[in-house]
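Next up: just one chain, as structure tokens, the form predicted on its own.
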């Protein structure tokens, strides 16, 4: 076996029919599995102009090529579809236990088209797929649904479940898909697509074996990485209170330099992503007050409220996704919060802590724990939901929304009770909550009155909690990636820890240089962005973890892993070509669906227009519009339109891979 099964499962929810389709080895050799396989199938089978919430859209669940082969840090799965939020390519990445379960059923991916006449869940095991009645689960939250379906379907083994909550059932365009009781594929509006199909859940109970070509070689690579990870630990005497000082010191450095990715791994092992909640405040990474404020507004004396040691104080046990040797997650006890509904929650991630903390000037960490579970159960993307609330607060503050508009709520910065009340309105799609449940772009279009100046998004998707003003490469990625507003694809920090230049022949050696150089449009910057993005596409095709990627190729030896699992003998350059192919195919999908890259522009606040007058990012601004043509040209796309050229398609072999259109009637 080559690590992949060579088969996909196709399910038509409208007719109830299903089909197993063999996939040629050439597809895997050119695109891997995961996001690459998903982009290949969706491009060929979703007709141009398809309604994202209609029967022609296809929702796919894909596993990575390395998942289940004995490799570590390779337990990620992806939801793929046409995004109802942006109108272009949509994907969302998630950990948990679902990725190997897809392959245990004998498939590399499962694709759903059509709309079921009634709520159903798909049960898949070694024998195939059954569409079962989900009426008893419809209306339950995502956690309740998973618990009920696990109990109902547990036979030879505990099944893995991906489920949606009420937000997706009500077609919120900022809803996601839950796995493992609160791990989320949250972005791109993938939950709304699942809800539109009346597919409440996917339950996987297969027991088929997964093997790679050279399991001994895979095992040796895993042992080496695991050994390194065990040795990397944050000194016990360093507490969370030191993180703002570390962030300030990092932010004060005026030169860019490469850094061993195991430094960040130490912090992730101790605190998880919560470590950035104060670290990111002082180095300029964290957006504050709906992107209109700075760390001067959220003063140093407030930092103890979001100290990651306070997050760990509630952690009852560590949480590891499948095949993870890092363990950045955790399960936390929240029985004492007085809300009466929930006893436990997944440890809130940095994105959630900052989104419901600094973005709306909220210092109440207990409220963030509660909100985290509320959002996980309802099925909201916490980044987008928080962006919607921060937008509403600023509209209220500036007289655009009245107390009558808010249903009597006094929306003030830092008022956690009002924030929770507004989130409940969004879950129920009541009043103002109905407007906000589809994101800030659509809310601003309906509210008008100049509210768009407070609607921070790119291409319809709210921005994550990472300010591109300190990382221009990230700013280009926000605006120019086929999934706009995505922080996990590429950035200058990621590139500096990747050490790709040590393995890829067409990359110049990384040199220490003034940070100011990164703000200048250049071929060098574009080439580095293409390299980092191509590498991330490779990571997503393999099913590998973003945090493994951040440790760099000297440690996480993905090129060697892929050769060992498949029996291929590809060079790093050839694997990077696969990454280029996947990214170009994602871009092609959006073009086919009418997504115009020229019209996507990063919000003025995120770009520093006008620049902030105080705080760490004072005076910084991005020249993103000037950088993007360099970026497109470096891909081999037309530098004026972002459309891949015919020569590039031929050079990547995509003309042959996409030669036969297979659109279903």
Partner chain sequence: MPKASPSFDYGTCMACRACVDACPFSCLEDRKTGLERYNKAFPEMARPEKCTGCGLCAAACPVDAIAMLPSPAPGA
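Residue numbers count along the first chain shown, from 1. Note that the structure is predicted; figures quoted are calculated from it, not measured.
The same protein also has a form predicted together with its partner chain, omitted here; what follows describes it.
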{"item": "Option from 220 to 228, 436 to 444, 507 to 515, 409 to 417 whose residues, in the model of the complex, bring a heavy atom within 4.5 Å of its partner chain", "value": "220 to 228"}
{"item": "Contact check for 71, 96 and 156 against its partner chain in the model of the complex, heavy atom at 4.5 Å", "value": "yes"}
{"item": "Contacting member of 112, 495, 121, 322, with respect to its partner chain in the model of the complex [4.5 Å, heavy atom]", "value": "322"}
{"item": "The unique member of 130, 398, 522, 233 whose heavy atoms fall within 4.5 Å of its partner chain in the model of the complex", "value": "233"}
{"item": "Distance check, residue 592 to its partner chain in the model of the complex, heavy atom within 4.5 Å", "value": "no"}
{"item": "Contact test in the model of the complex: residue 425 vs its partner chain, heavy atoms, 4.5 Å", "value": "no"}
{"item": "Interface membership of residue 570, its partner chain in the model of the complex, 4.5 Å heavy atom rule", "value": "no"}
{"item": "4.5 Å heavy atom contact, residue 500 to its partner chain in the model of the complex", "value": "no"}
{"item": "Contact set, 100 to 118 vs its partner chain in the model of the complex - heavy atom within 4.5 angstroms", "value": "100, 104"}
